[in-house]
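The chain that follows stands alone, in the form predicted on its own, written as structure tokens.
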Amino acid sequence: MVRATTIAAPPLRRTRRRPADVSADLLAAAAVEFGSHGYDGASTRRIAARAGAHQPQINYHFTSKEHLWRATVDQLFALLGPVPTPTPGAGDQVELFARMVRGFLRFSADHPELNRIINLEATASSPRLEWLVAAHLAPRRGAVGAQWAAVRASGAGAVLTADEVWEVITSYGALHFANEPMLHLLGGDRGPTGTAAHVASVLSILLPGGHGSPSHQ
């Protein structure tokens, strides 16, 4: 009697990812984690698991949790795009401002993690908050103020200061999307119709006169 031989199956191979892909996956996972739990509550173990990576790979790619947090914020702002540069005399200042607001709010709807991270950091002074303001928020606040000054100089826009405009855009505007889970439980519209309506609502406050209408979306 000949005994049957068993041929062992070849070992499963893990698909090796390029370092750039691992880094990108870690940044995407970190955005969700930091946006949900803040810096102190965020777990590098959960970030690695969400990214399909090993925890030591965080230190390999980013050297520390602090550097990962900064890289995550940098990446989100890079996705948002460069700080808009006001261009006096380059067309309809009201439409230029409206386009800037629409772009920011649409980004906020697609990437609510950025404003969640900002909101969590904004509640207490820290070196992270100082860096966040200096590196990203202050330049954008300055650009909004300059473009708003051009709008007001053209005779348009609500009677609001640049600080009030910033608050309308970032608080009423962007935090609407950051707080979406709560607003949904309260009956808010989560779909694209709800997003468009909210963008129109923000613009109707800032620019009474039609720049928030669907034809401008």
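Throughout, we count residues from 1 along the sequence that is shown. Predicted model, so just to flag it, every value in this text is computed and none were measured.
Below, we refer to the form predicted together with another copy of the chain, which is not included among the displayed structures.
The candidate site formed by 35, 40 and 122 is fully in contact with another copy of the chain in the predicted bound form, as each residue has a non-hydrogen atom within 4.5 angstroms of it. Contact with another copy of the chain in the predicted bound form, judged by any heavy atom within 4.5 Å, is made by just one of 71, 79, 137, 143: 137.
Among heavy atoms of residue 205, some come within 4.5 Å of another copy of the chain in the predicted bound form.
Another copy of the chain is not shown here, but in the predicted bound form it comes within 4.5 Å of a heavy atom of residue 171.
The shortest heavy atom separation between residue 178 and another copy of the chain in the predicted bound form is within 4.5 Å. At the 4.5 Å threshold, heavy atoms of residue 133 reach another copy of the chain in the predicted bound form. Note that among 145-153, 45-53, 58-66, 162-170, the stretch whose heavy atoms approach another copy of the chain to within 4.5 Å in the predicted bound form is 162-170.
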